[in-house]
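This document starts with one chain, in the form predicted on its own, laid out as structure tokens.
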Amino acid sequence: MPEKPRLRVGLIGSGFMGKAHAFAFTTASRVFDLPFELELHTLADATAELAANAGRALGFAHSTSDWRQLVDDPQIDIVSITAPNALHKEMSLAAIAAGKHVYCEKPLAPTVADAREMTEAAEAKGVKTQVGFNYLCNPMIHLAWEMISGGELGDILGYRGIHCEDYMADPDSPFTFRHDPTGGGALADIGSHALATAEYLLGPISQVMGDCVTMIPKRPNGQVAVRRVEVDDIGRALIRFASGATGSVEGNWIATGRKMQHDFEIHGTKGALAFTQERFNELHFYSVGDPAGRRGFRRIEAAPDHPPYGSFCVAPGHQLGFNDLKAIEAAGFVDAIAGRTAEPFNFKAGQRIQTLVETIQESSRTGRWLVV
């Protein structure tokens, strides 16, 4: 059997998402029959010591404190970017100019203009791109899409989507890059997931009415100083889909007690679906076709019947995890690089989400419905 060609990965950042990217490539190469052998080549981080320690722990052959050195290395084929949001544009454009495929965490860029520039650069260079929206890789989310597309819910009447966490709920927690205007706020940081899921399931959102609020106006910034917060802690929107369905979405990072609430409910003329990321191996389905006295939401458990669950586990109900979804995302990107499939969620798709975010923010400022 001929040896597969190699794809060498360079990773920028070794925090939460940096580790997730490293685990994703490692797992994907073992779970899926990929068209390439994946090699963890170089890890870049803020200091040489941090990069070296993380590189050893995550299985990279090399490390550096200069991300530009990583991008310019002719041996590297994929650049994974998990640095703070404000750096995504500069790093992505440098990687694209060097002819690398780019896997960048969301939000793609602080502004639509930046995202468009990155998209156009990638398209002009002919490289493949991926934006990190791994919740869409959940087999149960795909099952929901199949059921909706297949007419099992009938005509869609309403949608409610929410992404809530509490990692910013403490008013004494410090100012971070996420509180900077270039970080985007709660709507861009986690509400983007709710928006991406809504459009994945029901198609394009055509109009929005936004309400973005800052509930904690100041944050500690060092031992004595405080800094004003200008981004939203909660971003909400009423939405209208091009299909005629209506609904709402919310992104909230001060939702006390919530660690990972990425939920939706969809109501149709024939049935309904309910989902929560807190139990993301389950999808709940209600059918109006059930006889009177027997109606109620039934639980559908993830199983090998829901690809690619079976690639991870042969037994139903044993559950996938967050990093498994990231591995599915990485595998889809590698397949796209090989030309097997279209890019699952490329920079143009990321630009679309940023367009929704900015339109909701503008609607909140102006107090009126806006066309997307």
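This one's a predicted model, so the numbers in the text were calculated from it and none came from an experiment. The first residue of the shown sequence is 1; numbering continues from there.
If you look for the form predicted together with another copy of the chain, you will not find it shown, but the lines that follow are about it.
Three-residue candidate spot Pro35, Val112 and Ile337; no residue lies within 4.5 angstroms of another copy of the chain in the predicted bound form by any non-hydrogen atom. Using a 4.5 Å cutoff between non-hydrogen atoms, Gln130 does not count as a contact of another copy of the chain in the predicted bound form. Mapping the unseen interface onto this chain, Gly158 counts among the residues with a heavy atom inside 4.5 Å of another copy of the chain in the predicted bound form. Using a 4.5 angstroms threshold between heavy atoms, Gly185 stays clear of another copy of the chain in the predicted bound form. At a distance threshold of 4.5 angstroms between non-hydrogen atoms, Ala342 is out of contact with another copy of the chain in the predicted bound form. With another copy of the chain omitted here, the record of contacts in the predicted bound form names 161 to 169 of 122 to 130, 68 to 76, 197 to 205, 161 to 169, defined by a heavy atom within 4.5 Å. Comment: another copy of the chain is not present in this chain, but in the predicted bound form one of Ala242, Ala86, Val226, Val288 has a heavy atom within 4.5 Å of it, namely Val288. The partner is not shown here, but in the predicted bound form the stretch 258 to 278 reaches within 4.5 angstroms of another copy of the chain through a heavy atom at Arg258, Lys259, Met260, Gln261, Glu265, His267, Gly268, Thr269, Gly271, Ala272, Ala274, Gln277, Glu278.
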